[in-house]
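A lone chain, given as structure tokens: the form predicted alone.
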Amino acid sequence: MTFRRRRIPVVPESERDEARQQIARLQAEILRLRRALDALPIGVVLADRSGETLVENVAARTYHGHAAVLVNEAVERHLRRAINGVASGHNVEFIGPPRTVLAVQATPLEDGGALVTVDDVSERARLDAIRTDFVANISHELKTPVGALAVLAEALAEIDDPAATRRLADKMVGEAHRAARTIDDLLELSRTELGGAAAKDVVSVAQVVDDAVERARAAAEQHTIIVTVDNGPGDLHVIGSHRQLVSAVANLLENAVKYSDTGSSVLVESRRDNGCVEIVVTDTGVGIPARDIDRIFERFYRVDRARSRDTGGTGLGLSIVRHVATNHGGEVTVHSREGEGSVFTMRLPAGES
């Protein structure tokens, strides 16, 4: 048997160099694409027609524990649908805190594969919830004063007695002011909620307290309440928003004034405690029943609805305080005994002057 030796073609060195360079360019391009994918905040998973994962970026692998189980299950389920030619997706929600909402979307590709994205839409969901709540709340809270204005206007149109006309007109003015206060508080609460984390300005606590006292002065004078200020030793500072902090302290003061007896006093103190600044508002008013303590920071919650109507409360002030404290990385707490008064403490991280 005769064996014939096959001739192996000789590839010129120049062609081999060109091939090596082309491979290097392709590898560099693939590396750039992978780095670009890893830089995306959105999780990306690319699979072929058999369902085998070809590409998975960093964002798609950041979930751990229970979250990873739920996200992976959602990705696999929608990936199978997309490979079969059906685009699909849904939101995966985690209670938290913080509450997290992930949008999982799968899209079929022309080659039979599929692309799945995992997008953190928590902030979008939060803003949508705020807008929905705002519309629902303002509709609910304005229904009473607007309805009262309609009834009073109808009665006014049918009365010729000047004294009765004056009484009805006074009631209409009161209901109009009530509606205006509700709108102002709703707008302030929405600005605080939508604002998220507070500004990073160095804020003087003494200036915040002084401005808040000035804002609450009219209410204090109307109830003959004496507001005493004790800013403690030295000048304390926090990092945040001067406007938000003034709003929060003013709401604490106005709340204390509303529920204090005529001729009594309210004390507002600021002090440093273990790297934090505390702003404390103390009153000797009606106090808060123990059953209501856990709910007073909810929007529109009123301990005594009849008394709130008399004092003009909207039920939004303490909710504003809570959101401001949260935006500044702090908290607000209350200690109260019914019939003896309340102590509200807003505790915030201290800042350097």
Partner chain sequence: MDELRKGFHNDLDEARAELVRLAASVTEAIPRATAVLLDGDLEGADYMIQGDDEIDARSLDLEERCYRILALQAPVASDLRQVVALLKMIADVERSADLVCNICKAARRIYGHDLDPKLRGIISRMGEQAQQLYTAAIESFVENDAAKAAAIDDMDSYLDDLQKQFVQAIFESHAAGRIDLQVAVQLAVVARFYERIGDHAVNVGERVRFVITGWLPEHHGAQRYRLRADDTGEMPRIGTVQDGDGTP
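We call the rigid core the largest set of C-alpha positions that still match within 1.5 Å between the two forms. These figures come from a predicted structure and were not determined experimentally. Residue numbers count along the first chain shown, from 1.
Form predicted together with its partner chain: not shown, discussed below.
In summary, the region of this chain contacting its partner chain in the predicted bound form, judged by heavy atoms within 4.5 Å and restricted to 125 to 133, 71 to 79, 232 to 240, 160 to 168, corresponds to 71 to 79. Although the partner is absent here, residue 329 is not a contact residue: none of its heavy atoms lies within 4.5 angstroms of its partner chain in the predicted bound form. Residue 93 belongs to the set of residues with a heavy atom inside 4.5 Å of its partner chain in the predicted bound form.
Although the partner is absent from this view, residue 16 stays clear of its partner chain in the predicted bound form, with no non-hydrogen atom inside 4.5 angstroms.
At a distance threshold of 4.5 angstroms between non-hydrogen atoms, residue 59 is out of contact with its partner chain in the predicted bound form. Shown here without its partner, the chain carries 286, 289 and 340, all of which come within 4.5 Å of its partner chain in the predicted bound form through at least one heavy atom. Annotation: Cα of residue 235 displaced by less than 2 Å between the shown form and the other one, core superposition. For residue 100, a C-alpha deviation of 2 angstroms or more is recorded between the shown form and the other one after rigid-core alignment. By 3 Å or more, the C-alpha separation between residue 101 and residue 323 grows in the predicted bound form relative to the form shown here.
If you compare C-alpha positions, residue 343 and residue 97 are 3 angstroms or more closer together in the predicted bound form than in the form on display.
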